[in-house]
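Quick setup: one chain, the form predicted on its own, written in structure tokens, and binding and motion questions come after.
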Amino acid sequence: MKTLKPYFLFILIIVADIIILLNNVKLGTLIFKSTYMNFSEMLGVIPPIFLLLGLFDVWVPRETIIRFMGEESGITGVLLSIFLGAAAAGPLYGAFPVAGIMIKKGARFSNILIFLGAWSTLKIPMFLFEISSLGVKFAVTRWLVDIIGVILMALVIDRLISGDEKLEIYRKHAEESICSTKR
């Protein structure tokens, strides 16, 4: 039973999908097609992300992350977090494993939040699309507002979360990393 616990939500959704399929074949079929397409998309995105994460984890020393994105990184850490988030490819769920590696490597909490915000709102390909579709003025205005918003939200959240809570986040992640390497 303990081995099924991590899959509880997934199993619950499949059971709900089957119940819907039995009650409404047309809707159930549509739901299963949608589930299949989403699952296929995830299988196309997640393996490359984890491959790159493994390389990042091995090739980039902890000291480098601490120097450029750690507690004393200042504006360099903020700018690097924005650049890494904006230049990244893939859906938002791909950002969280990257953030986990950043935690493991000692990045500043606010820089991790900035990275996540940049990944979700400041994608460079989206920016280029907006320039061509909506005009330079709109695209640049939205980008500047989002940069300011991402930084402000990260700083506010960083201040609202106590030092003990941040230490707990870093500690939990360190424990998970240790447990996964023991398997």
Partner chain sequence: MFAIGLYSISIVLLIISFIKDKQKTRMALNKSWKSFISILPAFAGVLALVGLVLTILTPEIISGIIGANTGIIGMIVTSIIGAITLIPGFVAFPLAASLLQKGAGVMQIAVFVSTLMMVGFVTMPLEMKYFGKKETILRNLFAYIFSFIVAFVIGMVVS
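Residue numbers count along the first chain shown, from 1. No experiment lies behind these values; they were computed from the predicted model shown. Each form is matched to the other, and the largest set of C-alpha atoms that superpose within 1.5 Å is called the rigid core.
Beyond the structure shown, there is the form predicted in complex with its partner chain, which is absent from this document and is the topic of what follows.
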Partner contact for R171 in the model of the complex: its partner chain, 4.5 angstroms, heavy atom: no
In the model of the complex, I65 touching its partner chain (heavy atom, 4.5 Å): no
Heavy atom of L80 within 4.5 Å of its partner chain in the model of the complex: no
Touches its partner chain in the model of the complex: M69 (any heavy atom, 4.5 Å): no
Heavy atom contacts to its partner chain in the model of the complex at 4.5 Å, residues of 22-53 in sequence order: L27, L30, I31, S34, T35, N38, F39, M42, L43, G44, V45, I46, P47, P48, I49, F50, L51, L52
Displaced residue check between this form and the one not shown: M42, CA, 2 Å or over, core reference: no
